[in-house]
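For reference, the chain that follows is the form predicted on its own, supplied as structure tokens.
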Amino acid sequence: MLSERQLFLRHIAQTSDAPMMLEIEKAAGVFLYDTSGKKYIDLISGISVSNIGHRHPAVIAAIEKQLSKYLHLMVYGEYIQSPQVQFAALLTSHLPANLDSVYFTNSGTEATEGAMKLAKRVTGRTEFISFLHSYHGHTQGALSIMGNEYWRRAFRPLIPGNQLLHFNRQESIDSITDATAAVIMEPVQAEAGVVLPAAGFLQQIRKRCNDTGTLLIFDEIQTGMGRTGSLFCFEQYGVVPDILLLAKALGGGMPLGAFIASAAHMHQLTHHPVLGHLTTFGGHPVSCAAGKAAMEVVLNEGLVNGISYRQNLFRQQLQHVSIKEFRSIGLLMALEFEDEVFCKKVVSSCIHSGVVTDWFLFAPQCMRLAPPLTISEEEIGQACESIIRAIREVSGIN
């Protein structure tokens, strides 16, 4: 009889020749437990998904309540489903007035696809500008604007008419013209290893978009829902997008994404053609119920208020000569080492000792830290101690 491990490798489509292969039996709070009973501190939150920890009681209660009512009823937008309506109302009550219409999707990459279609429809243009080392998903449209050729070249030809520019450079701003449908960007580049915008860069992008009639799309799939120290990262920079992308933490651990724009823009999807964008399972009622509960936890428990303090705890305790740079915004953090080999050895050592970390797609020399926002001071101390021990082990330097 084949083991779960053997069945995993045989029947689950593999996307890497080195999967982590942790066989997790249960999860709660900031901890994962494997089938042998070993306990791990989860410092990546399923890649910024479990912002309020795993299986938060409020989320579980919301899921169970919705399960007792109904699951899928009808394709998107035909029936009035309370979980969708109530969550959209909550989201938009915490967003600027021009972001008042929510289109729920199943995932972040689907949010990207929907936003690209909407930008074409609103502007009548087809050109997109995105940035090197940006990540927006792996489907055909999202891949066409992804900021790294390594992941793109095997799947060409992709959607034409897109420009990949340098983040934080003036010449990139000048490239936005009246032929550009939208600039799509992460306000903080996550997969690049937490690269923050230079002073004034986002403001200048916003002004140039206004001057050329170009839409500005902020991809907050990783940075949204409190991760960076504000509910949405763009709030820290005083720049409001025309379209906002959310996913990952949006569903409280359930699959959910969204693109959000003005009702006037969204109305363009209702005609010529009718059903200009459609999904069967997007905005699933159980996912929306879970997402609303998770957002209420962030708001009601004041989690955003404690993020700066927790960030500083990590910064104070993670000090070693082998750490070349510590970049962070809230609880999205990157430890940069000398190279990819060193970083992956440290990551592997951490996992072996019971601390789950990872690296970044476009910065493999950097360790990813994105713990649940609920992580305690004691848990931070335990995790940092393990990380420093791993760095000492790999470097041979105390």
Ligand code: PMP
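A residue's number is simply how far along the shown sequence it sits, counting from 1. Not measured: the values here are computed from a predicted model.
The following text describes the form predicted in complex with the named molecule, which does not appear among the structures shown.
When the named molecule is considered in the model of the complex, only one residue from A261, I217, C233, I221 comes within 4.5 Å through any heavy atom, namely I221. This chain appears without its partner; in the model of the complex, the one residue of T109, Q81, S328, S172 with a heavy atom within 4.5 Å of the named molecule is T109. Heavy atoms of G137 reach within 4.5 Å of the named molecule in the model of the complex, making it an interface residue. The named molecule is not shown here, but in the model of the complex it comes within 4.5 Å of a heavy atom of K248. Within this chain, E113 is remote from the site of the named molecule in the model of the complex, having no heavy atom within 4.5 Å. Using a 4.5 Å cutoff between non-hydrogen atoms, D242 does not count as a contact of the named molecule in the model of the complex. The stretch that touches the named molecule in the model of the complex, counting heavy atoms within 4.5 Å, is 128 to 136, out of 67 to 75, 128 to 136, 84 to 92, 277 to 285. If you take 183 to 218 and check each residue for a heavy atom within 4.5 Å of the named molecule in the model of the complex, you get just E186.
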